[in-house]
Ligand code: BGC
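Next up is one chain by itself, shown in structure tokens, the form predicted alone.
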């Protein structure tokens, strides 16, 4: 529908109709206006499958069967944007079949702490990885005429008091860590909707936060869709409309509609604001309705096969001593753990999918080997009888396979974890089985990092299978037998212990407030800055083959912010089997005005190589790759100077390095003012030239000082006016007048380059 037709439609709507459209009609659909021929659209929970309610009039009801794909924690470990696009298309096909117009997802909040109960729904501790993966998924879904709703905007990094907690975060950290992923998705994917979070940010609920919803999302990033609330997130409907939230969910809420009507009638709310909200809603509603829905069918078997292929790309081989894997097919197996027969393949809460079918690893293994099976871990408390049963079969087998899954009582939406440990019985079981059979493999099903210190040295191999979706069991067996060469890499750091985590002292806060005291130092940024060892670093993952990195070259060793830097390298598969490697490009700023991490992920690529094959890979870096957010200017800044490009197989396994120089950075105005210190003047490249003659005269007047220090260093934190005041009347004018004259001279230059 054209903009004019939408404008005409709005002009024909009553105030009651416009106000009603901005609140859901039911928990899962928007308002219909029959007299104007306006039909509703249907939204559905996601994000790794479709939780389409059979009764859209009810909030909690049975959902239709749909394919349960791997969760975001697993998907990020694939580092494969093409794969995410393909999965998005499959999700769209199922949405079309089940008459869903907008899929609520993906979630891309940062994994600030491994304790967040909803981490399984989120991609990564790194905003670039999270943003690129989410953008690919969004583009895949929307390519078929189904919308998405990226969530939860913003700074929603815990479940504890998630409806009310106030996240106190500084401006730089907000932009560099917690908003950056959302910015990538908005700029690259233009999701149809953005879902605001429950919590407050710096004292303002996200649903009523104009700085987030309008100033940043629309004015800075150019967002074109509409903003909806998470279910029950709105506290003041009028304030949320004024802030930029178009749709409140769920409905019906006649008192909310009435509040908007009364606010317009009283003059509290400008009707133009309401009209704008309605216009944004109508544009998406008509876009959704342009694609017919409800007449297609789901390719159950095809999507199940896709789910298995995706899961196999996400599995991370964490340990493989003695090259115990892949299995040869001649081993007898002791299979232990309830997850082998009844897999834990998804998380609890709003993303829980009614799967079309669910594979069992135990059944697949029985077709490949002679198998003995016991549960072993049905209780959380230590159970000597169950452990003894597991030990008995482990002693008789060539290899013991332990399927260890975190129970929903520990990890789920709605509450945070209290620690990183497995259950006491699982720990006792692993240790006992490994003692009985040194050829023990642990297969993990979990949504975030766990503490493995008590048992990891006792086992030969560890497979991180995450919550891999309904076909994940088959993918695990594919990895065990080498039908698929593992290529997953961690999208989050696995720390040694909880107390090592950057947010440890501030998570989950107190008195309904959580302080992000670690700032930008989240995940690998923090562990490197603090020099802390980790269990497994960000980006880590083993393969059944080996890769060699060579011949790094860049398109230019000197470049400006207007240039796109191309970074090319050769990678060779040295091993006997085909495999995939994730090439990771990090950037180090060798010197900056503000403190920066030792390295930051800026680009990556996943490449398939046959045995002995070599390929050239090119990664591109733009201005953003060399920038940081500077609150002094309220913008991203790329400073001229030396940078180091670091290319590796993980954040700690750097294979190639190359220095480059940014010769021309971001043009910036001067921020020197009347209270700036001597150091501020001296560090500013333009201001230093302006003030230098004055400083020469000052320190010339004081050549005989007896302080025994370097004067410029000693006085660098002193405001220039105060320093001038120490000179008495020797300079011929008041300090304030001298500084005012200097500022006038300085500001005659409109822009500058930072040092």
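Numbering follows the first chain given and starts at 1. What you are looking at is a predicted structure, and each value in this text was computed from that prediction instead of being measured.
Separately, the form predicted in complex with this ligand exists; it is not shown, and the next lines address it.
Only one of 294 to 302, 225 to 233, 678 to 686, 470 to 478 lies within 4.5 Å of this ligand in the predicted bound form by heavy atoms, and it is 225 to 233. The partner is absent here, but in the predicted bound form a heavy atom of 152, alone among 280, 175, 308, 152, sits within 4.5 Å of this ligand. The partner is absent here; in the predicted bound form, the one residue of 580, 256, 162, 599 having a heavy atom within 4.5 Å of this ligand is 162. Of the heavy atoms in residue 28, some are within 4.5 Å of this ligand in the predicted bound form.
Of the heavy atoms in residue 104, some are within 4.5 Å of this ligand in the predicted bound form. Using a 4.5 Å cutoff between non-hydrogen atoms, residue 81 does not count as a contact of this ligand in the predicted bound form. Residue contact check for residue 198: one or more of its heavy atoms lie within 4.5 Å of this ligand in the predicted bound form. Residue 413 is the sole member of 396 to 426 found to place a heavy atom within 4.5 Å of this ligand in the predicted bound form.
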